[in-house]
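In structure tokens, the next block holds one chain alone, the form predicted alone.
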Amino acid sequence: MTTPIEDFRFGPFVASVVWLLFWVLIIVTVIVLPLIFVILFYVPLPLVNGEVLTPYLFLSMMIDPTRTLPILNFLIYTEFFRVAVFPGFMYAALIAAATIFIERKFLARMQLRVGPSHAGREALGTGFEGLFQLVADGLKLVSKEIIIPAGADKPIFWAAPIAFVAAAAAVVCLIPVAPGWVVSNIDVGLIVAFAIFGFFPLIEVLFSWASNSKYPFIGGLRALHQLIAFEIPFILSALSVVILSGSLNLTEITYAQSSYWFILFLPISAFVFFMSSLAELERIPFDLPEAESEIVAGWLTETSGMIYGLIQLGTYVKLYALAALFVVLFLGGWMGPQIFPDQLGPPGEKPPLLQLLTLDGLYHGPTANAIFWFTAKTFLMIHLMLLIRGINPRIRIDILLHTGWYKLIVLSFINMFIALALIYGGVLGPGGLLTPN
């Protein structure tokens, strides 16, 4: 006996929407707005037209263009904005989210499939089918129950996914996106980045051990062996860049490529860094720690709900960090031809509304150009990493370890000697033939 399907009625639908809007209004009025006011009373606000802003005047930015741009200009240069929004975590998370959707569609086209095709089709039309699938998956993970295996070490089981995301976000803080736009511009940024990458195998082994399950522990041991095997060529491939640039600061490495990209002189190092990055990400053909056809899902076998969601978020943020690091080391970072105008809109005095539309005082042509080229190059590298997954099978673990411990290390040393020859031969470096005056 089948249950009769209830007919859709427009009246109850409108009532449910009104009821939802009512609760949203209540939450915003009772919780969100008071919280914003409390925070603003403790945040130093800027001067706008010689007037000290109060929390009440701050909220007037939504209707007063003369206050909107100065307040936005103040906010985007705060340390909190750099860490939380751009070029920090939110920027990396948005690129990670876009990467998830692009990967599913890209691999589907390579394998003559459609990929996500339902969520968003009616709202966005042809060409954007499945765009809302990411939102649906996120809501599904948030709403699913988190199942902790019996006998698991609960503190480590809960803390490891958070540490995984935090480590990926820490690497993002070291990467310069544009001149002056980096969260932490330290002199030894490259060494710090590699030091942070060294935490990932430890986190994975701890999480797999805390799961109290055989398959995760096997996957965790594989991850430890794999990442240690590729850690040495990973570091050696970047030393060639340090030799040519004479610095460990990622911003100075980018400036050193103002006339030429290091990939022109260090193609072998670029190849080793790229392959080591795939191993760090545990992506095909180096996905031995997850190997679903051998050990279920490896060290992720016992994950569920948002524990799985956090690990996936950390994985794709790490993917962005490695692609961006490749761009900084070998592809000139944000360097590229100027294609953005110096200012938007007509020159001269503008009315308040036109100032808001043209981002007067907020828009900076060279910075926008740098962000564009950095993001475009990063997406190019992400696509190359996704391409490898679609055309290669998984390799055996003995071949993987042999590749890391022998072949890639030898290739790294070869390009290091080439870099030294270019320096001592007077081609590059101070006073070199190809060094700009």
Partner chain sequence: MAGETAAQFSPIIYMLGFGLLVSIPALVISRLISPRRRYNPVKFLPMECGQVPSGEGRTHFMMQYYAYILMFVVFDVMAIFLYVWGVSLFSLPRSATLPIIGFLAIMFAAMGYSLYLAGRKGIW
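Predicted model, so just to flag it, every value in this text is computed and none were measured. Residue numbers count along the first chain shown, from 1. We call the rigid core whatever largest set of C-alpha positions still superposes within 1.5 Å between the two forms.
Beyond what is shown, the protein has a form predicted together with the partner chain; the following relates to that form.
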Between the options 326, 181, 215, 316, which residue brings a heavy atom to within 4.5 Å of the partner chain in the predicted bound form? 215
Of the residues 267, 366, 149, 336, which one places a heavy atom within 4.5 Å of the partner chain in the predicted bound form? 149
Taking heavy atoms only, is residue 397 within 4.5 angstroms of the partner chain in the predicted bound form? yes
Give a yes/no on whether residue 372 approaches the partner chain to within 4.5 Å in the predicted bound form, heavy atoms considered. no
Give a yes or no for residue 185: in the predicted bound form, does one of its heavy atoms lie within 4.5 Å of a heavy atom belonging to the partner chain? yes
For residue 235, is any heavy atom within 4.5 Å of the partner chain in the predicted bound form, or not? yes
Quick one: 42, 104 and 255 and the partner chain in the predicted bound form, is every residue within 4.5 Å by at least one heavy atom? no
TL;DR on 69-77, 162-170, 94-102, 336-344: the one with heavy atoms within 4.5 Å of the partner chain in the predicted bound form is 162-170
The partner chain in the predicted bound form - contacting residues of 403-424, heavy atom within 4.5 Å: 405, 406, 409, 413, 416, 417, 420, 423, 424
For residue 20, is the CA shift between this form and the one not shown at least 2 Å following rigid-core superposition? yes
